[in-house]
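Read the single chain below, which is given as structure tokens and is the form predicted alone.
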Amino acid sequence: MAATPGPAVTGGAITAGLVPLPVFASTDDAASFTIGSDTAIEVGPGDGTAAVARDLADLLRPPTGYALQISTGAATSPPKDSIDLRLGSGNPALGDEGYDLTISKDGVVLMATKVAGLFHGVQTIRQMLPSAVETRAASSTVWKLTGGHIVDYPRYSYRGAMLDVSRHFFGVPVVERYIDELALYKVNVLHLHLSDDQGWRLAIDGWPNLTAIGGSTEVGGGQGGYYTKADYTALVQYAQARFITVVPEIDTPSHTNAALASYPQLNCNGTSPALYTGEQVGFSSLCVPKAATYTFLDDVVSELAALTPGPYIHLGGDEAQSTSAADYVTFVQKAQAIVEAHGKSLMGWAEISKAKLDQGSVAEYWNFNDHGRSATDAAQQSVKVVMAPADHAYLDQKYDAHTVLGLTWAGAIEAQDAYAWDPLDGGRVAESDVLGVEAPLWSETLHTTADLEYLAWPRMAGIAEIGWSPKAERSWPTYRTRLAEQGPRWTAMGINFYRSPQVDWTS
């Protein structure tokens, strides 16, 4: 089978409600399949395949009212009226996350090389079904899947969303809900911003004041909060079950007032500053010359590495105006060595490219005001770059001048602005330099789940498509019609999304 038999834009009805856009799709209306009371889910052998089948059954049973029995076997030919999930494909282009989906009048066959691909394929099936599938209540809806064929796999291996739980703290249930929403759009990384000037959000053995003092407040002076090790482990496992990797961030050497207020030995003058509940940046710094700084950092990284199965530990590195240039370079290189000593790779905001980086490290580009210089500096060191330009990808920015939530320093970002860019714009980096994309959501103005969702959706969906879909097949006119179809789905899911006037929402 060819990797890309043809352009996805010719997919027709089969792609009408799909975000991200598949690599290839073709429609056969005469071959559409309707899920009925006799439909079963067939699953082939392989670790994890049964869990994906259960996920699909758990999604479909409440709204359809059907039993949807799961059968496990090695059948080479799936029985009629079944949804068949199976590992094994002759298409090497699918990689670890791609899938091959065939829908005929007799049933559905979903194949993938790895279980992650089956999971992503199930999200596509979910989006092809009527939005009533999200209501979790029995419905008389006709559960029709448009007939045809999809071959799909991601453009980039890193498709991330960042959530700031430091400026305002969000508990485990809120983060789990966001993980569920992200998984529907094939996002595969959750970057958790766990510390900042306003709050430290993860318990660390041997450093109890980080949470007892540093976790006791937030922007505006609220009560703050933090994750126990058990809480964090639960989040990691919840994300893993949805094929999302958690990347924890402890922002250093700046954005550290919560830590400095907790332990005086981290300050060059040996005196702790007051806790901070404002919104300014760049005023704090760990004491780079002190040995205590690296004892602290080693202990924190050791705990994070033990709790985090993913490959990266993010140590920030942005807006270090209170750290001298020489101290900054010294710190980054020592921090990189500590992270690597614990078996992980360093990730940081792209300012870290001022230091000598090892090829396994990753730089995250955000500062559009440097016109791509920090991304280019990283790429010239053969370091991979995650693209998250603030003027397009920062979900905390207002949609327009009338938006109540959000900030304005990077400019208003409407739905089209969040979609109509590409990591290769401006020639800052080459395709081979880019690990992926990310959409950060900073929480200075966020207090509730509804706040979070209002700024995330619909823009997060656009960033997800940039990370997954072929560049040549993306266009705003076709995307906005597919995005409009997400409105009823988000309504059924109870998501408090922004109804952009740029989109003709279907409900």
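Since the model is a prediction, treat every value here as computed from it, not as a measurement. Numbers follow the displayed sequence, beginning with 1.
The protein also exists as the form predicted in complex with a small molecule; that form is not presented, and the subsequent description refers to it.
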Quick check on Asp318: any heavy atom within 4.5 Å of the small molecule in the predicted complex?
yes
Worksheet item: Do Trp366 and the small molecule come within 4.5 Å of each other in the predicted complex, heavy atoms counted?
Response: yes
Checklist entry - Do Leu407 and the small molecule come within 4.5 Å of each other in the predicted complex, heavy atoms counted? => result yes
Would Thr252 count as touching the small molecule in the predicted complex under a 4.5 Å heavy atom rule?
no
Picking from Glu453, Glu444, Glu465, Glu473, the single residue whose non-hydrogen atoms come within 4.5 angstroms of the small molecule in the predicted complex is Glu444
Contact with the small molecule in the predicted complex, heavy atom within 4.5 Å, among Lys398, Arg428, Arg86, Arg167 goes to Arg167
Answer among 60 to 68, 436 to 444, 31 to 39, 456 to 464 for heavy atoms within 4.5 Å of the small molecule in the predicted complex: the stretch 436 to 444
